[in-house]
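Heads up, the chain below is alone and in the form predicted alone; it's given as C-alpha cells.
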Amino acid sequence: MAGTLLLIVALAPAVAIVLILALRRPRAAEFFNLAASIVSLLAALPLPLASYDGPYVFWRGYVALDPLGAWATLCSAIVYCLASIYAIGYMRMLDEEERLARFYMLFAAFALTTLIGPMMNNAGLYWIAIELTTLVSTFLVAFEHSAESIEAAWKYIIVVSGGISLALLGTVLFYWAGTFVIGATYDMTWSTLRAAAPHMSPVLLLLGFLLVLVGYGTKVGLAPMHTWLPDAHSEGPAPVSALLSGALLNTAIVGIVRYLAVVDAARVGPIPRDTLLAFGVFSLFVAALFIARQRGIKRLMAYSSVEHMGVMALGFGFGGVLGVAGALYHMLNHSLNKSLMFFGAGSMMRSYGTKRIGAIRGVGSHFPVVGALWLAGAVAITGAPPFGLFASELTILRAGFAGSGIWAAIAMSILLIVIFIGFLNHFRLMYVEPAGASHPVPRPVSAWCVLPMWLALLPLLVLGLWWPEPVWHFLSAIAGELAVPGAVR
C-alpha cells in the first residue's frame, strides 16, 4: 500500500511531463499538469498514516517512507496542487500561449523533484535530488525572459550551486567518517549513518555537519546565504514563487534535520544546535530589516520566507517534542500561507501592472474578495491569531523558553513583533486610497486565481483554531524518532 502511494505521487507528474511533451498544446498542458497535481495530492494525503509504523524501504533501499519524509512530501503536494490551479489563471495573463506547454512541463518536473526529495533514503541521492530542483527551477525563474528575470536566474544557480557544493563536501566527510567504522564501501542510508555515528570521529562529523548546514542552508534561504531568494522569488512567475517557497525550502530543510539527527546520535556537543539557532535568529534579524524597508511586493514575500525558514530552524534547533512538532506544524502552515500570499501578490502585480508597493493602492475597494483574502493572509503570515502560524510559533517559543535556548526565544519574540509591524504597514498603504488620487483601473482577477486563495486560507484558519490530536501525535512521533535516548536538551 505505502509503496503504491509513493509510486503514484511520483508517476503522476512524470506522466504529465511525457503527455505535455507529446502534445505541446497550451490547454492540454494546463489540464495534464492540474490532473497530475490532484492525483499526487490524493496519493500524498494518506502517506503520513501509511508511514506511522515506518520507515518502509523500497527499490533496493534507495527510497524510504518515514514520517518526516511523508510530512514534507504532503506539504509539497498541497502547494503543487494549489499552484497548479492558480497557474491556469495567472499564466493566461502573460500572453505566452506558444510557451505555455514548456512552462507546464518544467513546472511538473520541478514539483516532481520536491515530491521525491524527502523520500531519498541515501544521503548521496538526496544531494542529487536537491541539485535537480536547482537545475529545473532555474529555467522557471527565467521564464519571462526579461533582463531582470535572467539576472535572477543566473544569481540563483550560481549562489545555490556554491552552497550545494559545500553540502557535497560535507556529505563526503560523513561518508569518510563512516569508512573507519563500517568499511571502505557501504550504503550511505540515514539509518546506517545514525547507527554508526556514536563510533565515528566527532571532528569529522562536526565539520561535515557545518558544511551541510551552510550548503543546504543556502537552499533553505537561511541568512546570510539567502541572497538568491529575493531575486528569484521576485522575478519568477507567481506560481513558481509559491512552489519555491512552499515546497522547495521544506525539501531542503529536511536534509538539515536528518543530518542533525546523525550528529545528535554521535553526541558531539552543543555546537550543531547552537549554530542552527544562530542561523535562525540571524535570518529573523535580516528579514526584519528588509521587510521594514521593502518596496517590491514579491520581494516582501521573499523576505517573509527568510523569516519563516528562520523560525523553523529555531524549532528544530530547540529540539524536543515542542520544538520539532512546532517546526513541522509551521512547515504545513507556512506552505499554505505563503502560497496564499504569492497568489495575491501575483494577481495584484498583474492587475496593477507594477511590482512597486507604492503604486498598488485601493486594493480593498477594487477587489473586495481577493483583497479580503490577501489581507487575512497578511495577518496570518505575521503569526497573528487565530491562524495556524500563531499556533506553531507559540509552540516553538514554548520549546525555547523551556530549554537552554532562552536567548534565541527572546530574540525571536522581539523580532517577530518588529516584522509584524513592518509587514502590515505595507498592507496599510496598499489598502488605503488617498483622497483625490487618480490610478488606472486594475485588470480583473480570474476565478482560477481566487479559488486557490480560498483553499489555502480556510485550512489555515482551521489549523489555527484547532490543532487536530492525531496530527499532534504524528508530529510528536517524528520528534521521538529524531531524539537520542538519554540526551538532555
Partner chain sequence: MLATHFSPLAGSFFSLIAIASLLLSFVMLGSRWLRHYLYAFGLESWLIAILSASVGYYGHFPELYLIAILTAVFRGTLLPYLLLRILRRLSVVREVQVSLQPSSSLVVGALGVVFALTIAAHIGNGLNLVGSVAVLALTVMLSMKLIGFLMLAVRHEAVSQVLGLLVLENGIFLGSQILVPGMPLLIEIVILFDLLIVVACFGLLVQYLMSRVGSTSSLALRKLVG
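This is a predicted model, so every value here is computed, not measured. Residue numbers count along the first chain shown, from 1.
Note that the form predicted together with its partner chain isn't included here; everything after this is about it.
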Using a 4.5 Å heavy atom cut-off, are 102, 148 and 169 all in contact with its partner chain in the model of the complex? yes
Stretch from 316-324, 112-120, 133-141, 83-91 whose residues place a heavy atom within 4.5 Å of its partner chain in the model of the complex: 133-141
Please pick, from 420, 56, 52, 62, the one residue with any non-hydrogen atom lying within 4.5 angstroms of its partner chain in the model of the complex. 62
Sole residue of 404, 413, 354, 165 within 4.5 Å of its partner chain in the model of the complex, by heavy atom: 165
Quick one: is residue 264 in contact with its partner chain in the model of the complex, heavy atoms, 4.5 Å cut-off? no
Using 4.5 Å between non-hydrogen atoms, is residue 210 touching its partner chain in the model of the complex? no
Any non-hydrogen atom of residue 365 within 4.5 angstroms of its partner chain in the model of the complex: no
Just to confirm, residue 197 within 4.5 Å of its partner chain in the model of the complex by heavy atoms? no
Just to make sure I understand: among 220-238, which residues lie within 4.5 Å of its partner chain in the model of the complex, judging by heavy atoms? 231, 235
